[in-house]
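Let's start with one chain on its own, the form predicted on its own, as structure tokens.
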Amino acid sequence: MGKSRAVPGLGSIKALTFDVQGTCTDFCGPLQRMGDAVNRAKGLSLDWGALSAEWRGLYRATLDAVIAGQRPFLRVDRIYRETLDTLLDRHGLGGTFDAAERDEMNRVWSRLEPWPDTVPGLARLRRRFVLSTLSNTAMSTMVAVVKHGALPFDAVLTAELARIYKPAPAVYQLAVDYLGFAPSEIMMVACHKYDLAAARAFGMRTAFVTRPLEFGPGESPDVAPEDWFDVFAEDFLDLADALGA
């Protein structure tokens, strides 16, 4: 369905849970700035746009292996650190960065920047709803991201508490267990359709928020509306309008 205002039939919603990486925060900008700083410090001319995309792909493959039971549970911050080693070795950079430098590079995931509409949109939504993160990110990383961006959440929940990752139902169950509401009283907010599809199958309501710059300029993420979304919004301010907040 198209962009909505004061969408009817959603009066029972009491809480909103949010994907964070991509939906609430920009990761491409911080990754590019980190890469630029690395290039200056090391006298390199690496294409960090391409390297970042490859790093995220390695992370996703490892995450999927954990979800499939092919690997034991591993926190996301450790997955990113492990795949950073793989990335550097793959490009012949294994001897260029020591362990401390790699650890510092990996901390970029704790310093993601909110989109311009994120904080004002959350502030409006919080006046009416309980707000919580519901992210695959590690708890310590999520706390750092929330503090760094001054994100006004009431609760911080991540998949680490369930020791499995979205789209496993156990992750969405965290919102029910920790927030104290039924699935139908909780709306999942994300810019990723797989996340919303899993939340909907669990019994939650869904809001898709477009993030056309999630992967940086020149990329084309899937931001097309679907008729199964409860709300389709351009950003968090539009979402607040749609929910009457």
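Residues carry their position along the shown sequence, with the first being 1. In this text the structure is predicted, and so the values were computed from the model without any measurement.
What follows is about the form predicted in complex with another copy of the chain, which we do not show.
- Exactly one listed residue, out of Thr86, Gln173, Thr96, Ser140, brings a non-hydrogen atom to within 4.5 Å of another copy of the chain in the predicted bound form: Ser140.
- Only one of Leu157, Ile164, Met105, Ile79 comes within 4.5 Å of another copy of the chain in the predicted bound form through a heavy atom, and that residue is Leu157.
- Proximity of His91 to another copy of the chain in the predicted bound form falls outside the 4.5 Å heavy atom cutoff.
- Not displayed here, another copy of the chain is approached by Phe129 to within 4.5 Å at the level of heavy atoms in the predicted bound form.
- A residue is said to contact a partner when one of its heavy atoms sits within 4.5 Å of a partner heavy atom; Gly216 fails this definition for another copy of the chain in the predicted bound form, lying far away.
- Contact annotation for Asp64: none of its heavy atoms lies within 4.5 Å of another copy of the chain in the predicted bound form.
- Taking the partner from elsewhere, no residue among Leu10, Asp117 and His192 has a non-hydrogen atom within 4.5 angstroms of another copy of the chain in the predicted bound form.
- Contact with another copy of the chain in the predicted bound form, judged as any non-hydrogen atom within 4.5 angstroms, is confined among 199-207, 40-48, 174-182, 23-31 to 174-182.
- Scanning 65-89 for heavy atoms within 4.5 Å of another copy of the chain in the predicted bound form gives just one residue, Arg75.
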